[in-house]
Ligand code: UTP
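Take a look at this single chain, the form predicted alone, given in structure tokens.
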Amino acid sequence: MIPESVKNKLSEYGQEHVLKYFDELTDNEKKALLDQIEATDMSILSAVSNPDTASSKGKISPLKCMELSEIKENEDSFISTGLKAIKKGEVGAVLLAGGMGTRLGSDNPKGMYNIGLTRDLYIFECLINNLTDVVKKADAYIHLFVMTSEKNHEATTSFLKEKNFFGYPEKYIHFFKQEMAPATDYSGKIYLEEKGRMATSPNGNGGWFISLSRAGLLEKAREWGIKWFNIFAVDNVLQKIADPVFVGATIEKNCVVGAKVVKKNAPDEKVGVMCLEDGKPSIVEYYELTDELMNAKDEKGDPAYNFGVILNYLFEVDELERIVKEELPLHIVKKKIPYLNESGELVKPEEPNGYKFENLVLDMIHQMSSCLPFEVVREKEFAPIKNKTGVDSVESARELLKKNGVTL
């Protein structure tokens, strides 16, 4: 029996075809598909009629960064302010860990990857160790929110429980799944990836706050007195989390968001850079940097767009709630999407064949009233693991960990 609410929803958005194989499904498969249809936000499908809306950029100009020399001069004050906020429970940490270790040759969640040489040392372990360093300084635990995905939730939660959360108290760790968005062909029809399942993909790195909120954790965070969320990606094993200097600087400068940045190692390095867009804080992606922007200089004669983001941000919760009410821009990205053809056979395309829908952190930044780009030392805080070998790899991260005194 198909509920009227499902029939009406599919009819409204022209997606009746997703029930094509409904009669062939088991009772459990039918329930799973109906639940998926009910839970899926189909309102975003209207954006297919104008797929380039969110990608247009405004007027780009430089945004001054707080550089290492200024941070050093004010370090004591920043640390004091930051530790005070942490001790009062005002800072929460949000780990974006929805990805898999596929590019590392692993079928497990990326955070489960073992980078140790003479001992076991997992990516998750490195991050929890980094957070524990701050806990010891503040003498106060920090709530850690871990965003998983449909694909890795069970494996992630089981692994961390098995490892006893690497010594971090379980009551301060909270899991939530990233919400999924439908994947469609170029006309906006949702693909089926199985006879009883629509094709979906994660809703982008800017979807973390909506996902956390809908999981009921924003309400909890409010109860615990959290005023700031430090969000960070799973793949940077050296990053400092809930860093008191960073927290204190953002608070003292009266900014509603802080962004950790590193000095670029080359004008064309593949990192997004901090800037102003139409006078508001923003990030311009490396592929959007024109020669003119790459060659632009500031008043000191240094490159004007010289600081790359490392996906470590501190957001004020009040401002997050405000911008989510206004809705984030939706990015429509062409991707290769496995799908069932007319004969019900799975096809894995070699070229992009449809759209995925994403919200991005850079849009969250752009909707904020103020932002502090905060420089950190690359060799001490930036060791991303994106590949098995070469640039930004397991190999390069190991070398940087060794330089920072971590035993592998």
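Residue indices: 1-based, along the sequence shown. Just so we're on the same page, rigid core means the largest C-alpha set that superposes within 1.5 Å between forms. Given the structure is predicted, the values throughout are model-derived calculations rather than measurements.
One more form of this protein should be noted, the form predicted in complex with ligand UTP, which is absent from this view; the next part is about it.
- The single contact residue among 281, 202, 244, 92, judged by any heavy atom lying within 4.5 Å of ligand UTP in the predicted complex, is 202.
- Only one of 72, 214, 195, 103 lies close to ligand UTP in the predicted complex, with a heavy atom inside 4.5 Å, and it is 103.
- Using a 4.5 angstroms threshold between heavy atoms, residue 96 counts as touching ligand UTP in the predicted complex.
- Using a 4.5 Å cutoff between non-hydrogen atoms, residue 386 counts as a contact of ligand UTP in the predicted complex.
- Of the heavy atoms in residue 335, some are within 4.5 Å of ligand UTP in the predicted complex.
- For residue 261, no non-hydrogen atom is located within 4.5 Å of ligand UTP in the predicted complex, even though that partner is not displayed.
- Across the proposed site, 147, 233 and 311 without exception bring a heavy atom within 4.5 Å of ligand UTP in the predicted complex.
- Heavy atoms within 4.5 Å of ligand UTP in the predicted complex map, among the stretches 234 to 242, 320 to 328, 136 to 144, 272 to 280, onto 234 to 242 alone.
- Once you line up the core between this form and the one not shown, the Cα of residue 366 stays within less than 2 Å of where it was.
- In this overlay on the rigid core, residue 382 has a C-alpha that sits less than 2 Å away from its partner position between this form and the one not shown.
- In this overlay on the rigid core, residue 334 has a C-alpha that sits 2 Å or more away from its partner position between this form and the one not shown.
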